[in-house]
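Next comes just one chain, in structure tokens: the form predicted alone.
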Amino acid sequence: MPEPAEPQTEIVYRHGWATRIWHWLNAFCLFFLLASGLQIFNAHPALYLGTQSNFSNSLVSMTAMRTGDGSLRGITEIGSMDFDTTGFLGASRDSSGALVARGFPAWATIPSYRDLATGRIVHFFFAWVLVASGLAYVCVSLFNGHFRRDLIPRRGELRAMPRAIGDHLRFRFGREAHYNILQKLSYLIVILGLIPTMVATGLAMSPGMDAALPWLLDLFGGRQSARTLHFMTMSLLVLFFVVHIVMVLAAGPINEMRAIITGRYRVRPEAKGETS
């Protein structure tokens, strides 16, 4: 009995050089921004709305308390609820193994030890790298048609979105030559929504920028609100990163990694001209 024929595939050029450079620069910058941002957050591990900042009116806080037997417990409060998060949030072990009061643990911050000044230097450096590379990417993408050709959803793709959602929930990936509708929408949300919001809220926390652009602070309802929104935006970017990695692994990591390194992506010939 003859063996079934191997499915035919074809290599297409999917990612341009600007997209690939920006992708890896983003991954590099966001790693350092996240870890150094958690170092800065640990200086006052609580979030608020408005202009006031004291632990009695926080939205979220990570604190430590001594129990009756003298041991240290990490407590995370979200609104009126509190959780014992010892070992991760509020109280975690330092390099000597001792349990110490600390918002996020040492392994999640840059530097791993308490050093707010270095954390701020690292954070601001990679923030400006992210802004510069993002502006360059947008200019190049407008000039070479990447936005119009690859990212703007077409009417037919929007109509087919329920089918695309169903396919992704069942981990069915078609290996199309172009981004599918869910990729387009998620990339647009990141490029036009999350990253600009993260930059704007970061600028709103700067006293110098508040003096130069006072409307920016009013836009977010105060410095504490801007700080909370900055933290939430970064949390959404981390969620996007996790989902992105899961989709890469589910769709075929070798093909996906080759595409974002060399630009070349293996597709089914019948899917070469598909747009959804």
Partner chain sequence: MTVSLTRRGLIRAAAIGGGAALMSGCDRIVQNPMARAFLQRAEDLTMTAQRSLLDREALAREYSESEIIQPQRPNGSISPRDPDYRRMAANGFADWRLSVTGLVERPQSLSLDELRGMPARTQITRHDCVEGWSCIAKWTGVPLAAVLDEAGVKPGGSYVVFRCADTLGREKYYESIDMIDARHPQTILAYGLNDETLPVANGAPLRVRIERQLGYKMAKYVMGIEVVGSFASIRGGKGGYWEDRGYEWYAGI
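All values derive from a computational prediction rather than experimental measurement. Residue numbers count along the first chain shown, from 1.
Keep in mind that the form predicted together with the partner chain is missing from the display, and what follows is about it.
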### Which of 229-237, 246-254, 60-68, 45-53 lines the interface with the partner chain in the predicted bound form (heavy atom within 4.5 Å)
45-53
### Query
Is there a heavy atom of Leu151 lying 4.5 Å or less from a heavy atom of the partner chain in the predicted bound form?
no
### Message
Against the partner chain in the predicted bound form, would Phe143 count as a contact residue? Criterion: heavy atoms within 4.5 Å.
### Response
no
### Query
Taking 4.5 angstroms as the cut-off for heavy atoms, does Phe220 touch the partner chain in the predicted bound form?
no
#### Entry: Contact test in the predicted bound form: Ser92 vs the partner chain, heavy atoms, 4.5 Å
no
### Message
To verify the annotation, which of these, Tyr187, Phe125, Phe173, Phe147, has a non-hydrogen atom within 4.5 Å of the partner chain in the predicted bound form?
### Response
Phe125
### Task
Answer with one of Ala108, Ala200, Leu182, Leu130: the residue that has a non-hydrogen atom within 4.5 Å of the partner chain in the predicted bound form.
Ala108
### Query
Thinking of Phe32, Ile40 and Pro207 as one candidate spot, does the partner chain come within 4.5 Å of a heavy atom in every one of them in the predicted bound form?
yes
